[in-house]
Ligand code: ADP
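Consider the single chain below, provided in structure tokens and representing the form predicted alone.
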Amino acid sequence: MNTNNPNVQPIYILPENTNRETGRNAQKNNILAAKLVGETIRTTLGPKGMDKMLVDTLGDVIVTNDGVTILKEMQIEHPAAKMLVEVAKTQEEEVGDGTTTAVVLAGELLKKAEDLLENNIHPTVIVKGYRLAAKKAVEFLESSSKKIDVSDKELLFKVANTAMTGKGAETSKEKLSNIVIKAVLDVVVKEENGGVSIDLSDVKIEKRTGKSVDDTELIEGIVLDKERVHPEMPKKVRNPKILLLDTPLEIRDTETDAKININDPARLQEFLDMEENMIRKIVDKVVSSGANTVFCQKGIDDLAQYLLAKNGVLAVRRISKTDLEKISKATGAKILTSIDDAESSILGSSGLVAEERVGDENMIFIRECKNAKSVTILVRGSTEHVIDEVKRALEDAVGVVSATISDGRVVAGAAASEIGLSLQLAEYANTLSGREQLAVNAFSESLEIIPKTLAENAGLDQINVLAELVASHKNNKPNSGVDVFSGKIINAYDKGIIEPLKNKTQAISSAAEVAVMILRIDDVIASGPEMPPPQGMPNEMGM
């Protein structure tokens, strides 16, 4: 659009109702929105963090202090703020814990960047400095991390315990930590190159109200939210021979439309008898294979149910494909797509298959599987809200224990790593000569938000805690962290406050990347009347 010459008619290249923010306004609004997201969940950080109550449009309530859960349920609309939600999701998927740390750090990086922008430092310079700082921070973390023996259950216990501290499961965290360690070690797969791989989906977490959190148990096998298909079937089968079917135990419908005309009543009976004989042959194949427990992904005919029950076979139908695969991993049974292949060599085994009453529903338990590569944690608790929060805590703990075993390196928690990084980056900034030195210093100062927040949420004096931490680290005590319960400076390793290296490196990398992405935006074009102008105020973020 040319507006310099008054005789030239303005030319509009964007459609009507399009909002456009450019330059400093765009950057300011994006930074404000991202800062608000960080501030919103900042109070949930650490063992003394508070919870949020989230109520959706249907009136469903979630009470949690899990960062990624809060951000997902808030239904944030602002495009820049959504980027921080993606950071939390990535952290959750990669490590399982540290989501709040990543988002709070990203918000603080943008806050410090805003100060630099006010001082006329170009965004490109800040971006360069942040990238240098993030790269150095990861290097510093790797050099200060400790290599561990992944079979050291005591150390893994400390890692799981640290992840569960401050969550809804804290009162039973010792028992739950032991459950998590046993579950993860059960599903570890050793690879040919000497490494290990862990599929977190192999640790299934089922929840049922009733009893207390202390009654949560690990089942060396699978728990199914199903029941027997026929009441005459046995409720318990000791040392079962397990058959897994990905095919129905019933007469299949023809793949093309078919029509049968019967004009003689005798022919009708013959037809029905033939159907019955086909079902009997199918059941005979199941029984002759030696199977006394059947798990079927598809349906089971009523007659087949009766015949299986008559032969003392426990059968369960309509099992999801993922659950069928988990049963296969736990019991060693092969999944059949044709009943003709049923034979004793493809059957699985366990110590017990039983239908048990849990709360007000029946569930199928496959217990005592030898070398089970898929296990189940059955979570108990007094209410749905309690169970949901315990489940989230268990998922975090499973994630960090898995990351520790996979990576084999850990760092000190309790803000020890962040303070150490802050001091190292401040020294690194002094080696730079350009303006990016200011950005590296800003990155260094941003890391102080973690100990400050831990102290603030515990009701401690931020300035005193930060000063004592810095002094302790400068006195060559690199593992010094803050004990939020006593307010004293402690050796985090000695106190068992330990986190996987990947937790920290992923959080810092993700926070830096999203801060850089937001800083590089200098033009926001929002189309359509539905899209509010990105003012960055709380109501426009969907909070």
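Since the model is a prediction, treat every value here as computed from it, not as a measurement. Residue numbers here begin at 1 and follow the sequence given.
This next part talks about the form predicted together with the named molecule, which is not shown.
At a distance of at most 4.5 angstroms from the named molecule in the predicted complex, all three residues Asn65, Thr101 and Val482 contribute at least one non-hydrogen atom.
Residues of just one listed stretch (511-519, 492-500, 25-33, 51-59) have heavy atoms within 4.5 Å of the named molecule in the predicted complex: 492-500.
Though the partner is left out of this view, Glu108 does not reach within 4.5 Å of the named molecule in the predicted complex, counting heavy atoms only. Contact annotation: Leu45 falls within 4.5 Å of the named molecule in the predicted complex, judged by heavy atom distances. With a 4.5 Å cutoff on heavy atoms, Thr162 counts as touching the named molecule in the predicted complex. The closest non-hydrogen atom of Ala414 lies within 4.5 Å of the named molecule in the predicted complex. Distance criterion of 4.5 Å from any heavy atom to the named molecule in the predicted complex singles out Lys167 from the list Lys204, Lys167, His473, Lys452.
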